[in-house]
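Before any questions on binding or motion, here is one chain by itself as structure tokens, the form predicted alone.
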Amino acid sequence: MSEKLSPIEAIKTKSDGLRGTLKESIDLDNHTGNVRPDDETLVKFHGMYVQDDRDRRAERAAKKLDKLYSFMIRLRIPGGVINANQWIATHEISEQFGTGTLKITTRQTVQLHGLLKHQLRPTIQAFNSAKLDSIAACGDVNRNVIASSHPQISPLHQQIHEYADKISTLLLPKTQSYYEVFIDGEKIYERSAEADPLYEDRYLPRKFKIAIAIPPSNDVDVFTNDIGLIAIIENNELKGFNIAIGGGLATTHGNANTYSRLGSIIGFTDTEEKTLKAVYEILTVQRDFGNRVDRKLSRLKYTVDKLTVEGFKKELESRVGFKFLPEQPFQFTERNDRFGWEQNHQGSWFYTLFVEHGVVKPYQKQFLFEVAQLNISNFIFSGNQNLILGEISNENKPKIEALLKSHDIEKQVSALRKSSMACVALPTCPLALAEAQRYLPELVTKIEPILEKYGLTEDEISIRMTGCPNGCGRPYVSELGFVGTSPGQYNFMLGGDRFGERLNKLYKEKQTEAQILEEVDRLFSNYVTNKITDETFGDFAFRTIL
């Protein structure tokens, strides 16, 4: 007797191409701010999550009111680049709908929170007018494809960066339900035109993430993705990509069968055709072999370990029709963004703005709006939740500098703060067990005097925090990682390397702020006293403690 499939599988297969009853949920169900239960699953495939304000749950329950439901919309922006007009549109949409706050994600896109159900369609339509969409930004499909963000990394940046859009387009679902439900409302009668040889009617067992890294930068944390492509450049020519499979960070507290895993490199592809074919067929292997019974064990990493790396590679090679070439050498020497002004090989200027945990503050938002109105730059979201103003000419650079000064943008920020990352967590994420985005800035403020005490203010120690073990802020590949277990308590993770090539490990469980600060003080004291020349904090902790 076969195992019973997850209930989500039935929702997908009977959804009529992800339509479900979304129209009825939005247009007819005025008694609730939510959509129907099955539609909560389907709306994710259209780039949205149902959320509620957890800060107000108790108050509303006492008044016998429904939860204060709202929606988060996340855009699909392969490689994270939009133009000035698209930034203006995003700014104006955020002012009209939702909370007004723009949130830059760890996957090079933006999301809006706090949208009410009746605002979904006009919001999506407004984005569509700006040639932006949220198709497949969430759900059991390939999500936003990310790529190393700073063009100064390599003269071949543009050529490599274009793969993000090519892969995103290749892996888009064929269903037109997004347009039917949210844009023009017209029913698509020729459903045969929606035949989807990749996703079929099952889609994938779980979400799927792809990143493209351009050495020497690993700003995308390439090994934490289901597929990681590492560009290999020789003599100023793109030779191809090393392909890594099976990365993923999410775990579940108390479930020993779940674990974080870094991707395994299975070989090298030397043409665009082979690279795209390999990416496509990796998804088909996951579609056919992935766990559809237990969603906690359904990411590609578990499929790879079930089949073994070599077994997976053998199945993949039978599908692509070629053998992978041996892995090519590469080296990562940086992971942080290049803040401030940088100039690329063509003489264009790029300015990287620090956006703490991706929350665009009001003064930054106004600055960026005024920059966009000049129409002299593009806008590049980084995998570290920051924003790059790009393609600025020598002639236009002073205009940006004047706005930087008038808005007092260039504030002194410690290296630790610039190396920090946090997920959204409370109050909107339904999975959060503890604070992250709202709390990590405070914790960093309390750690900074300890850094100063030991002369570590300029040390780019990575610190990351999530409100639950799902790992959206990638805490498992940081030097100091904090994973929420309950309000005010975190598992303390230690020993990740500086460049995202080694997982950290659990150091102390369920630590309060006071305990964290005491441990950090002791660890930093030990570090400055006993480290080897040029040894990073993560490497020191791994060598001496774990």
Ligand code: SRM
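Source: prediction; values computed, not measured. Numbering starts at 1 and follows the sequence shown.
Just so it is clear, the following notes concern the form predicted together with the named molecule, a form of the same protein that is not shown.
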>> Under a 4.5 Å heavy atom criterion, is Gln51 part of the interface with the named molecule in the model of the complex?
In response: yes
> Would Leu249 count as a contact of the named molecule in the model of the complex, using a 4.5 angstroms cut-off between non-hydrogen atoms?
Replying inline: yes
> Lys209: heavy atom within 4.5 Å of the named molecule in the model of the complex?
Replying inline: yes
> Taking the shortest heavy atom distance, is Ile227 within 4.5 Å of the named molecule in the model of the complex?
Replying inline: no
> Out of 32-40, 517-525, 66-74, 499-507, where are the residues with a heavy atom within 4.5 Å of the named molecule in the model of the complex?
Replying inline: 66-74
>> Can you pick out, from Asn142, Thr106, Ser264, Ser154, the residue that has a heavy atom within 4.5 Å of the named molecule in the model of the complex?
In response: Thr106
> Just one of Ile282, Val304, Cys423, Ala231 has a heavy atom within 4.5 angstroms of the named molecule in the model of the complex, so which one?
Replying inline: Cys423
> So in the model of the complex, are Arg299, Pro430 and Cys472 all sitting within 4.5 Å of the named molecule, heavy atoms only?
Replying inline: yes
